[in-house]
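Only one chain is included here, represented as structure tokens and corresponding to the form predicted alone.
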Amino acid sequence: MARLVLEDVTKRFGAVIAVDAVDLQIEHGEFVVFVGPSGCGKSTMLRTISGLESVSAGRILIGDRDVTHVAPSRRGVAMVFQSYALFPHMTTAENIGFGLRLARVPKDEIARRVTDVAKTLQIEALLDRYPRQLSGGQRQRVAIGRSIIRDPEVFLFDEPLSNLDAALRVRMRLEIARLRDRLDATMVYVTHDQTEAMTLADRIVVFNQGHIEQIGAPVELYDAPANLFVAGFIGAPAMNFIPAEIEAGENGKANVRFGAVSLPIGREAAEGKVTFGVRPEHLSVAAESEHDFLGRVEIVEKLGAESLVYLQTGFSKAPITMRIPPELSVHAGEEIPVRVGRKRLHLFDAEGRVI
């Protein structure tokens, strides 16, 4: 069973700590996605798992083997890179089977396995073509096929779709989702694209400055972020953050106040300054008698299935983003009444931790 375990893994480049004491367990067959901003350590962590980077401290285990100092070719992993790295003078079939040729696998066995992989990826008709004759999506399938044919215990994907256009990314995302259902292998996938992370992952690992901020299922991270960083990183458009205060309410319960707005939070809480968070879809245009605040429309982005409205208010320096149905018409310069959904409130203390 290809269980992947990282024990206190650290990677330094001189004085720079790229990965700092990471502990993580990935179960056999699990699809785990690493996300985070550029320079957060997610790709370095992936390269360390693959053996392309040596660890500065800690251990890496695949199944029951300690592979910390094992050569990449002997770890039982296969890596798909952002660049396809196909040999231009080789056909699709030759590119896919190249690793088996190096391992001196018999030609008839290579041909059989190449055909099986091509069927899995639906590229049987492309086996005689050269990379220059393939589209970006087809080249990426060939690169994935080259990894599949080795029958690895762990697949590592390093932003494999970032070079594709938007439509191709959607199609390839579906292909990878189908692939994960067909292969009995552990998969670790690095991306900065939240949509890829939310739609593909069993669990998401959020990296920041070499540390893991939070690990959880996509919906868990979206609904219950552990801190300001995760709350702001997961979700598009991002959560609105508003400077606020906790004040005493009725029956011993507390309220959160920002500007002239005071909302009950339904429990006791220490008074003081906090950051109030609310996602764009948890704001709505309300009747005058039910609104919490007025916002002046600055920009409206009409996206077809929805519209994003950016509001200027007296209590937030940054515009407040609200998601509304496309049939609801609002215009720049208009002042509209807004209501905050009571069931989806987020509060963060001065250190950015969730309250």
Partner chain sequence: MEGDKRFWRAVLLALPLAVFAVFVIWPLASSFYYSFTNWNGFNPDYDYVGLDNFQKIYTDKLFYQAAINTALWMIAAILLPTALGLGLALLIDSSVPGSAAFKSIFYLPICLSAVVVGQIWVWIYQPDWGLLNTVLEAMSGERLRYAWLAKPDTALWSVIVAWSWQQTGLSMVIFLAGLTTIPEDLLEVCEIEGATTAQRIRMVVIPLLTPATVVVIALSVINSLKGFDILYIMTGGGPFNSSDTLAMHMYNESFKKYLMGYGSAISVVLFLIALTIIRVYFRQLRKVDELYG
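These numbers were taken from a predicted model, which means no experiment stands behind them. Residue numbers count along the first chain shown, from 1.
Only in words, not in the display: the form predicted in complex with the partner chain, which the text now covers.
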Which of these residues, S43, T321, S50, T313, gets a heavy atom within 4.5 Å of the partner chain in the predicted bound form?
S50
Among the candidate residues Q122, S262, T115, S73, which is the single one with a non-hydrogen atom no more than 4.5 Å from the partner chain in the predicted bound form?
S73
Tell me which of 322 to 330, 29 to 37, 300 to 308, 50 to 58 has residues with heavy atoms within 4.5 angstroms of the partner chain in the predicted bound form?
50 to 58
Hey, with the partner chain in the predicted bound form, do S83, F87 and R150 all fall inside the 4.5 Å heavy atom range?
yes
Would R146 show up as a contact with the partner chain in the predicted bound form if we use heavy atoms at 4.5 Å?
yes
Any non-hydrogen atom of G99 within 4.5 angstroms of the partner chain in the predicted bound form
yes
Using a 4.5 angstroms cut-off on non-hydrogen atoms, would V77 count as touching the partner chain in the predicted bound form?
yes
Test of understanding: in the predicted bound form, would Y130 fall inside 4.5 Å of the partner chain by heavy atoms?
yes
